[in-house]
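So this first bit is one chain, no partners, the form predicted on its own, shown in structure tokens.
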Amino acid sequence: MMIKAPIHFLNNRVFLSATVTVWYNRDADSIMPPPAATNLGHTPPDGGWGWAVVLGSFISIGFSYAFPKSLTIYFKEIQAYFSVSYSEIAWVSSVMLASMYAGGPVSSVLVNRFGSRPVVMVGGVMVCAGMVLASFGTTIIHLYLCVGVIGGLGLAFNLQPALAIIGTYFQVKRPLANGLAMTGSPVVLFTLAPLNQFLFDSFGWRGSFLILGAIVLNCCVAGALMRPVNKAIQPKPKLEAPPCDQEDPSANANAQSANLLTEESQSEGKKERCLDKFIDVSLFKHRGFLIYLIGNVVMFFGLFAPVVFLAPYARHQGVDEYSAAFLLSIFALVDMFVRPLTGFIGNTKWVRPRIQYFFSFAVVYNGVCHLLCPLAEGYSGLVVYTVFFGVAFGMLCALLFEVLMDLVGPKRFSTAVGLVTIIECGPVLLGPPMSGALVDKFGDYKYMYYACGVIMLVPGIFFFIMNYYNYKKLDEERRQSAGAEMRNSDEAVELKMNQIEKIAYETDG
């Protein structure tokens, strides 16, 4: 808020013309707290080179999520080669995903220190090195370390920066940009699945790992596209300093206030800023962040298992192996088109102000699909379920990180997503094995789908209730803030009038 109080002299009388100008945030109706939209230090260009950055994020995010899933094609031959059980070989993908999520905080620190571009390029080199080293593996432990740990950390260095940099380039069109970038996951999976089958038939798993190591170097190309945003473009409006020959009482007051800061308080502020570069512990006091974190931890226990067990469930129903595998292709194809469409819908003026409700609906929609899955009869019923599940999964994934950025703001997003991913590491690692244990115990997949449906439905309802509470509190805080600003403006105007009356009285005297 800015107070303008020009003085006008007319017929030896003093008149005060007070104009109160309120700076209103265009995103004030969104769930994002006001500081979250204004702490970037620049106005995002919402286009231009930002679309090249979206392309780089598309590639980087695509490899991060699709690469661990695509490696399952080689598991059967690797299992026979090392004479291990299926559960032992399945840990390769689980360790890779867990490492990708656990490496989130490390990636956050590196992004805050060096920016997105070098971190993504280093991540691409790490995944390449892990795949090349794994091709010379002699034990399954070797694959755990090379593919799982080294490759997983490399994917963490690809995922985190790609998500963070979009917030520096986009604000108005950010949901659309995030939706387009998240589409990389189904597109890359849809491409890698047949490619891996061709490589496997032609070169075996060792030769395929060497070639995949070269292919994943495209993440370095994606990183090269992620140049830092030019903060000189469309700078935020700043109040111009008054000329030196004019006296500015507010400037004098500000100078006097600044002189009151002691060296001790300044040093404490520096220490806090240094700590925030590594981990922003104040996020655990952020109401919206805590709501997102609690709901997501529960949700991730049931998020990936229905995808992992889709083809086995179809084969359990008597569907041939080729048709069962084709369900995954249908799922990826639907997911591919739903994600950008979700981003477009989320960017509309009707959805953007309350985008958290849209995300809550996507979570509930997933849960309902899983609860109804056992009712699907025959292959045609499974196809219908796959289509609806693809829509639900695509909606959720397109909004997953956008709603977090909307809550905490782009400036704090890098640290927030790092904290979220390391906490979600446990559910990601344990969710599919726990679901598989239900199948082993009951000998039927329907109980697993019932459990996943309930696990998704509970956080969906939680999100609806708590987001309503969060919106209500934010509205109250905005009204209180506006009222306090108006009271301060009234006091400032009254003080200015008293000063002018005093000057007028002395002049008349």
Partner chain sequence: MSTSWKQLLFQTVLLLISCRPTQTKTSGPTPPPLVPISPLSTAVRSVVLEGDSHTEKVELENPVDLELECVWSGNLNNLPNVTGVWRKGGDELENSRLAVPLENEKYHLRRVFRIVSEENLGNYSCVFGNEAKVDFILAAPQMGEVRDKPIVSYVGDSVVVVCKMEATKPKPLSWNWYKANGTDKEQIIYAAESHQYEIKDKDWTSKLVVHNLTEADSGSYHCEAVYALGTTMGHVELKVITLWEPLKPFIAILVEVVVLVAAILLYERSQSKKKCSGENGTNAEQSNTL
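Numbering follows the first chain given and starts at 1. Since the model is a prediction, treat every value here as computed from it, not as a measurement.
Omitted here: the form predicted together with its partner chain. The next part is about that form.
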Among 290 to 298, 214 to 222, 342 to 350, 379 to 387, the region lying within 4.5 Å of its partner chain in the model of the complex by heavy atom distance: 214 to 222
Heavy atom within 4.5 Å of its partner chain in the model of the complex - residue from 319, 308, 333, 210: 210
Its partner chain: the contacting residue among 326, 304, 91, 200 in the model of the complex [heavy atom, 4.5 Å]: 200
Residue 204 within 4.5 Å of its partner chain in the model of the complex, heavy atoms: yes
Heavy atom of residue 80 within 4.5 Å of its partner chain in the model of the complex: yes
Interface membership of residue 121, its partner chain in the model of the complex, 4.5 Å heavy atom rule: yes
Residue 284 within 4.5 Å of its partner chain in the model of the complex, heavy atoms: no
Residues within 4.5 Å of its partner chain in the model of the complex, restricted to 424 to 442 and counted by heavy atom: none
